[in-house]
Ligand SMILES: Cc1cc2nc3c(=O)[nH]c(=O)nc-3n(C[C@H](O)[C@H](O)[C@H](O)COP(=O)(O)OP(=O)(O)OC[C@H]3O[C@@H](n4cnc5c(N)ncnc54)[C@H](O)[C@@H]3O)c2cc1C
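We begin with a single chain expressed as structure tokens, specifically the form predicted on its own.
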Amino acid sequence: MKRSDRDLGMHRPITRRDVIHGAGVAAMGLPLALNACRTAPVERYYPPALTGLRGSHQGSFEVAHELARAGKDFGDGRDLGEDYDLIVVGGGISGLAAAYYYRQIRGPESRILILENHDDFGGHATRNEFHQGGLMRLAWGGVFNLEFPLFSDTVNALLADLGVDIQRLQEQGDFNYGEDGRLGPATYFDAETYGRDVLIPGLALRHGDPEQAFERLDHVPLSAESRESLKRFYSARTDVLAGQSPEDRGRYLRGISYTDFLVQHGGLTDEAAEIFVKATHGYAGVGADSLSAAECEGAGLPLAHLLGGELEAAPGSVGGEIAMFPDGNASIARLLVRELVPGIAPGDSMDDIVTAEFDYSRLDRAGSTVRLRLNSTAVGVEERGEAVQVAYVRERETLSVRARQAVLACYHSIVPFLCPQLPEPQRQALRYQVKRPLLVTNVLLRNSDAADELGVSGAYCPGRLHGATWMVKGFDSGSYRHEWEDPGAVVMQFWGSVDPQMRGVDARTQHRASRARLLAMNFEDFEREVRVVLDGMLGSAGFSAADDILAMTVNRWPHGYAYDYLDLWDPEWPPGEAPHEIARQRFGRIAFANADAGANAYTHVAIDEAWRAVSELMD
């Protein structure tokens, strides 16, 4: 029976806390009254503790839309008379790293201004704090892991300077990203999509123990034909491409979608293949129907047993060996800001950064060598003589500042509107990279009792908005503790992207459609979705969607992960001619950073690109 909004708790007051986010009080330059969001009254500007609709919150994107969509000319505005050595547009990890490297090369006396359109620094490496259950609980709102085996010497050197010890960080974490938590995998089939609510602990369709998956397939709420096709698929041990050369095999796997491969060579029905589509939404922004078989095999989806290999449990996490802070890569952003802005937070190591209290009033003080200006959207970047003039909008007023040089660490597709001076080939290359929408929703639950009773700590949700959900536990970092045995409040994280509701079109078109849907949704839409899923998944063990949800933060990123090239939709460009390589070319006194410049949505790529951009300015 479908539950009413009242049964689900939609009338509860926690859902209205987004009205006090940065678009309201913060955008007016006033302190935020956060007592509605925390257990103890706090009268200060502190965005990490805000709940409601976050990420690209109201007030962070409207000016950019006026510039790019409506073609508004904001002009130069009021000249503040501020002159800097460097202006950085974008306060994410790449922008912060660029400022760090510039000071490292030019000296600590270098005057730097960082402009950030959101009400917090870090970009997608954002921090969500919850205090409603008593002890502080942390989660991340976007970028969250450090893929340290892929780090360059440049990235390793920066993290060493910041005091990050990867081995010790690994020892402090027991989150098991990619395994759906300590209790292992599960799959949740919802009533709206599949006719009834079915939670199957131990069923790992995306990855995990194939024998366990096989044993549970009778419970999957699909047709008998589809269940039988899944059984044949998981029990098969063959090589459907036997006799083909390695080159031909690779070419074929790169040219066919994963779901088409499953139907044509794995014997799955279309209905059975459909349940794998959402497995890639959280990191690719599109479904497995829009990714090649080769890409999905590399991401850990079941395929090797049809190619002469073995279907084995995925080792470690889906993304490979990683290290994590309890607030994700927000701690990296915090470490960088603490280095750039003296006195903003106490401490000097990775052990104290997680719980260090940041004084946001110090970010933009006159006289400081580095100033980080939030709620400030750049609308014009132009070389004028021996300087770069940057116009930005803050509190609906256009203002302008100058610097000897500039680094644009904002996403690429906005740059052609910021810099009309750029040559047309570079502008076209910048437009090519359409960022992948990302959605991370964090929900503070009263406890994990219901999930513990059911034997799950996360689940793959093939029929829902978010493709996956998991509990955020198992962190021991400095004075922050949240063990798996803790009986108190816990964050349940929902991860994925908005379905573009179209098939067979290129990934960039899908990303644009997903972005439009994401921006059209309000907080109540996300809240209702989360309550429906938790009620259907945990309700049989006594969980109450009306009573057991203490707080909710929706991190929506219409311009999320950097666009990297996909087998089915992008050509292979000659060296130096790929869009990101053309897009990032230095233009006079202006250089380009951010993960877009490396065409890869990893933190280490953002750092590498920051180093490259600053190095180019030194020539």
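Keep in mind that this is a model prediction, so the values were computed, not measured. So that there is no doubt, residue numbering starts at 1 and follows the sequence shown.
There is also a form predicted together with the named molecule; it is not shown, and the following applies to it.
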{"item": "All of G90, I414 and W557 within 4.5 Å of the named molecule in the predicted complex, heavy atom check", "value": "yes"}
{"item": "Residue stretch of 370 to 378, 479 to 487, 541 to 549, 166 to 174 approaching the named molecule in the predicted complex, non-hydrogen atom distance within 4.5 Å", "value": "370 to 378"}
{"item": "The named molecule contact in the predicted complex: F526, any heavy atom under 4.5 Å", "value": "no"}
{"item": "Heavy atom of G95 within 4.5 Å of the named molecule in the predicted complex", "value": "yes"}
{"item": "Contact label in the predicted complex: Y602 to the named molecule, heavy atom within 4.5 Å", "value": "yes"}
{"item": "Contact flag, G285 vs the named molecule in the predicted complex, heavy atom cut 4.5 Å", "value": "no"}
{"item": "Residue among A272, A293, L438, V456 with a heavy atom within 4.5 Å of the named molecule in the predicted complex", "value": "L438"}
{"item": "Selected contact from L115, A186, I353, A99, since only one has a non-hydrogen atom within 4.5 angstroms of the named molecule in the predicted complex", "value": "L115"}
{"item": "In the predicted complex: members of 403 to 420 within 4.5 Å of the named molecule, any heavy atom", "value": "A409, C410, Y411, I414, L418"}
